[in-house]
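In structure tokens, the next block holds one chain alone, the form predicted alone.
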């Protein structure tokens, strides 16, 4: 698919907390003899145990964020759209006393209440040890997707999946997860014998598997980070050095993006990269319309 064709194929829309409203639209039709199927991807990253909104006297984010407000937005979108996926790119744990007190149980229960479809593991999700993560995970009714962490000799063996295929509106959406290298980032004792595998090689392997399953859309949940000043593998590097990934939903670097970044992959086609900051301040939204193939809108919603 050429760059122009991919742009026509994608409806882009972003929801962000604490930013004023904006809107643009442009449309064109390509498949006239097929019924349009719209898929709405909602996503978060680096929520870091932020259950409550920020205090009303906070210097940067007064009364912004909070899982209750996020839940209301998600519920509204689900009432308006037929096909919705809700995803998280890791670092669910660590950052408020809620994690210190409940060890991640509350975060998992809240995400289950919001009906997340899948998440990947971030480096801070090891902060309570693998045993702690395993204990909290009992309260998660959604899968954790981790393709480049080999947990074979650990307590997490068999508790994660390399990828998962979701079916929405006749579409097959393949999703896999990639994590950052833990060595020197997380104390060795917390991740034990977890083996880190090259995310570029594993990412391409996952694409091949998902293409063999005839997936219409391939998404990577990444906790690699948006970009770095050196040659460390990031979402942008992953996009450039692989082919076949339609969307990378990122985390780790707490990067606030107003809209997805478009990166040319190895085949010269576009991979979208998005990340929505941290602390649950933003809820990302990207809509794909695989039949009408048009840019529809980007909107930013303030939550008070």
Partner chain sequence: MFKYISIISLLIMGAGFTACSFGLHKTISGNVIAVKDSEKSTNAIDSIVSPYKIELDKEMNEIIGLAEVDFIPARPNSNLGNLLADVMLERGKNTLITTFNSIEKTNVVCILNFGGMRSTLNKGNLSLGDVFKVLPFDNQLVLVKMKASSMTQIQAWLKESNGHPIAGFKVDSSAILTTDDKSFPYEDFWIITSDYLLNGGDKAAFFNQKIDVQYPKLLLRDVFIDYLKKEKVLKNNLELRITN
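Numbering follows the first chain given and starts at 1. Since this is a predicted model, take the numbers as computed values, not measurements.
Not on display, but discussed next: the form predicted in complex with its partner chain.
With its partner chain omitted here, the record of contacts in the predicted bound form names 70-78 of 194-202, 140-148, 158-166, 70-78, defined by a heavy atom within 4.5 Å. Using a 4.5 Å cutoff between non-hydrogen atoms, residue 254 counts as a contact of its partner chain in the predicted bound form. Residue 106 belongs to the set of residues with a heavy atom inside 4.5 Å of its partner chain in the predicted bound form. Among heavy atoms of residue 134, none comes within 4.5 Å of its partner chain in the predicted bound form.
Contact annotation: residue 94 falls within 4.5 Å of its partner chain in the predicted bound form, judged by heavy atom distances. Contact annotation for the candidate site: 83, 152 and 208 all lie away from its partner chain in the predicted bound form (no heavy atom within 4.5 Å). Residues 246, 254, 257, 258, 259, 260, 262, 269, 270 of 237-271 are found to place at least one heavy atom within 4.5 Å of its partner chain in the predicted bound form.
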